[in-house]
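Shown here is one chain on its own, the form predicted alone, set out as structure tokens.
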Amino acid sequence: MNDILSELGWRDLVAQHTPELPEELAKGPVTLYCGFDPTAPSLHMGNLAQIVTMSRFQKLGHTPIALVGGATGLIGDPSGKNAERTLNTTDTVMEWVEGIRKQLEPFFDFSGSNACIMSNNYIWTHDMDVLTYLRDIGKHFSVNRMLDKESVSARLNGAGISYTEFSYQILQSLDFLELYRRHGCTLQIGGSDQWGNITAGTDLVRRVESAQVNGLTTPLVTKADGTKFGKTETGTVWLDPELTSPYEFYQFWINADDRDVQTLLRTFTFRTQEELAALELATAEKPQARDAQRALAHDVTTLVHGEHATAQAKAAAAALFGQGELRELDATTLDSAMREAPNAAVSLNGNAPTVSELLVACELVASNGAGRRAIAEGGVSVNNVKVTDENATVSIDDFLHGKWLVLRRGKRTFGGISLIK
């Protein structure tokens, strides 16, 4: 079944693969896995690239195993790190394991002949004694080859590396061996920074079971300016709506650079080659319409958060710029949107602040005089209602959901006032 390599190929999603992989896929469907370590309470954008890749495999008949690394999460992968990770408690990691398992489930089909399998490498490691680990697993690893791994050699030339993180490669390789034994898994996928760990796993299976298994990596997603994808000024873009709201999530995608949007569409959506070609043409002809970004934001937000959350995020974006009804937004979406805008907090305490004073408070104008002039010129609205009185005031009834006023100056500049109760 070479269709998957063709699919990944035109999407530019193949960084490396073992030489035997095309022949193996030509024989028919395979069982593959990708590991997700619980090093935080939520998955993030880097994980999403691998989730979508595994989903592509499943849609073409292959059986995916979503492995949550309860064991490897207790250790920490040294890849890309300049110093040792802070080790989390077992209770914390196991709590994160359960949360990430629930996050992964909606992305896969758990019915049919190629139903997704959920697993946790803590199952086969927590009872393994140190002598078994050293004699049956460790003896198959060359320290020389482990030292050649880029992330290890970089640490040896810098802050150093503990035996704990140095051993991560052995634990990940053990995963491949166990999944081969338990489920006939013959393929591991991951980001290109995982190539050393993946090939160590293929070597272990070959040495212990005399079996040929394969690896495939996808390119790490970076921005055109060279910065890391999935980061914003406020930090990581998480898949958990409590950590990154659906509105913030939607805005992250819709603000994608024109130089990045085609790569992101190929990587994170299921749109066809013809659909993406049409969007590329639309971007070239009319970039200001941002059709590609709108398609990207809609598809990925829906994939992660569902249609309702996407509709609310779209409605919020429209309403904030005067193209929708603010009072129809739910409190959570409005709160998320306002946190992204310039805002200030006020306490009425019997006073009735003027609109011009509030414009100053959220830094939409420099002074009360400038605020009154903006009102007189017809360029100010409160909750999308134009203000015509230069001395207009607000009351508690004006606050949406009892918390927010949305002020707008002109067509594109808005801010928020939150009510201190």
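Rigid core here is just the name for the largest C-alpha set that superposes within 1.5 Å across the two forms. Residue numbers here begin at 1 and follow the sequence given. Everything quoted here is computed from the prediction, not taken from an experiment.
Unshown form predicted together with the RNA; subsequent notes refer to it.
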Using a 4.5 Å heavy atom cut-off, which stretch among 62 to 70, 26 to 34, 367 to 375, 42 to 50 contacts the RNA in the model of the complex? 367 to 375
Contact with the RNA in the model of the complex, heavy atom within 4.5 Å, among Phe229, Phe321, Phe270, Tyr133 goes to Phe321
Find the only residue in Glu95, Asp193, Asp258, Glu275 having a heavy atom within 4.5 Å of the RNA in the model of the complex. Asp258
Answer for Ser142 alone: is it within 4.5 Å of the RNA in the model of the complex, judged on heavy atom distances? no
Given that the RNA is not shown alongside this chain, does His17 nevertheless sit within 4.5 Å of it in the model of the complex, heavy atom to heavy atom? no
Can you tell me if Pro287 lies within 4.5 angstroms of the RNA in the model of the complex, counting non-hydrogen atoms only? yes
Arg409: touches the RNA in the model of the complex, heavy atom cutoff 4.5 angstroms: yes
Rigid core superposition, Ser356 Cα moves 2 angstroms or more between the shown form and the other one: yes
Does Gly410 show a Cα shift reaching 2 Å between the shown form and the other one after rigid-core superposition? yes
Post core alignment: Asn368 C-alpha displaced by 2 Å or more between the shown form and the other one: yes
